Structure formats: C-alpha cells, structure tokens
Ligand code: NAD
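Quick heads-up: it's one chain on its own, the form predicted alone, in structure tokens.
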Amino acid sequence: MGTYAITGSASGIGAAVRRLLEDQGHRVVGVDLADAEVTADLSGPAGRAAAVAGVLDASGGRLDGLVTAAGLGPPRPAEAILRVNHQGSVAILEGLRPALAAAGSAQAVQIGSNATTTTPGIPDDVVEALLDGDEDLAVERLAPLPAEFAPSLAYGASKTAVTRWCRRAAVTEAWVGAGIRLNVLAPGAVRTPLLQAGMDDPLYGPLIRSFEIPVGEPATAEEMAAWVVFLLSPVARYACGSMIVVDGGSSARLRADDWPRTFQL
C-alpha cells in the first residue's frame, strides 16, 4: 500500500479522494485549514512552505502520489482565488517533487476545471503572470476588470495557468525523467461546497443554474474521486501532461470543433 498527500482533503473532491484511497488501504496525509494531518493556509508563501514541511515530516520524505485539490471559486474574492488555485498548487507540487521522485514511480494529479474552455474573456496577461510565478502581478492585472465578474475570471485564469504549468512541467526531466507522471483532471459542475457557495450567490447562482450540462445533473464528488484515483494508479502510467475533461458534455456542447486543432508547421 502507498502513501498519498492531498491538499483540500477535508471537503469536496479532496475528501472523496481521501475516503476512496483509505478504503483501498492506502495511507493519506491531508492538508487543509482544519481537520487534516497538516494544517496550512495555501494563500501565501509561509503557509505553502509549512504545508510542504508538514507533509515531508508525516510521510518520511516519500510519496507514491499527490493530489492538489485545494481551491476556491466564486463568490470568494478574486485575489484569494488566484493565489490558492494556482500557486497554492504549484508550490506544493514543486516542494514535494523530491518526495515523489523518492518513490521511483509516482503519480500527481492537479484539479483543473472546464472553466478553462467555457469561461469567456479569461485575461491572457493574468495567466502569463501566474505562469511566470508573479502572483502579485497577476492580482494587479486583474484589478481593473469589472468587480462583479473578477472572481469568475480569476477562477478561469488560475485553472488555465494550472493546466499549462502541468503540460509544460510534465514532460521535463525533473518530472517524467524522475518517474513522476503529472496530469490534470478538469471537472465541470460537481456537487461540492464550492459549487453550493456559487449557487447560493445572488449573482452567480442564476448563471450556474443556466449553464447547460448535456448529461443532465452535476457530478458527485465521489464520481470525480474515482477519476483521480484512476490517474493515481499504475494503469494510468502512460498519461503524462494530459488534461482530462469530465464535465458532462458542457465543453463539447459549447465548442465541439475547437479541439483538437490541427497542428500546422
């Protein structure tokens, strides 16, 4: 049996992944604001460093897998969304990479979102600032945008940056060269506290309810957890830098012909 770390382990998809892994006999080191082995706030450098140190101590410096599921969404403040969703994921992955490499063969999964393909107007300059590691500049560039839509744009930008970071990093010597497979699961609407907070908001609630899901209903956290655990398993070893969209057909309904795009030299 293996040892796995999960950020955002106390609720939503992270908690569901934890339950499934533990049911399979694995050991889990959870990271969250409360009710976890490691208590840390991933919105800033100090909290991220504390999370890394806590997981390394609890795991003995060896991890078979890592899931960065901690995340915020509308209607939470845009700045917090940017900081937690992107750098709160990337800093943990980079800090725990040696522990994953120590396993010889490990899997890591970032939780992305179909917001990367369905949110109109995601600001490219914010995404690029995040990818450059300058979260303060990303917050600065987001500030002039309409306040009522800033949380949604911050969410889309943060998840776009997470996905691009994964695809860039996954194929490098530091990751796949060290035996680590890094991938992104991009869900659509999932019945979690994050989704419920959005649905309860007077601005975002009607927008969320009107968003079409061809299969009918939002997914459950348990359904998404099964996808994550699949990506953590040996049978997924050939997935590397993949973005797997599981959104009930929403992206396909909106943009069926936009992907895949032909590659022209």
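All of these numbers come straight from a predicted model, not from anything done at the bench. Counting begins at 1, following the sequence as shown.
There is another form of the same protein, the form predicted in complex with nicotinamide-adenine-dinucleotide (NAD); it is not shown, and what comes next is about it.
Taking a 4.5 Å heavy atom cutoff to nicotinamide-adenine-dinucleotide (NAD) in the predicted bound form, the contact residue among Gln87, Ser113, Ser152, Asn183 is Ser113. Within this chain, Leu72 lines the site of nicotinamide-adenine-dinucleotide (NAD) in the predicted bound form, having a heavy atom no more than 4.5 Å away. The closest non-hydrogen atom of Asp64 lies beyond 4.5 Å of nicotinamide-adenine-dinucleotide (NAD) in the predicted bound form. Gly156 falls outside the set of residues with a heavy atom inside 4.5 Å of nicotinamide-adenine-dinucleotide (NAD) in the predicted bound form. With a 4.5 Å cutoff on heavy atoms, Glu37 does not count as touching nicotinamide-adenine-dinucleotide (NAD) in the predicted bound form; it lies far away.
Just one listed stretch, out of 128-136, 144-152, 186-194, 173-181, contacts nicotinamide-adenine-dinucleotide (NAD) in the predicted bound form at the 4.5 Å heavy atom level, and that stretch is 186-194.
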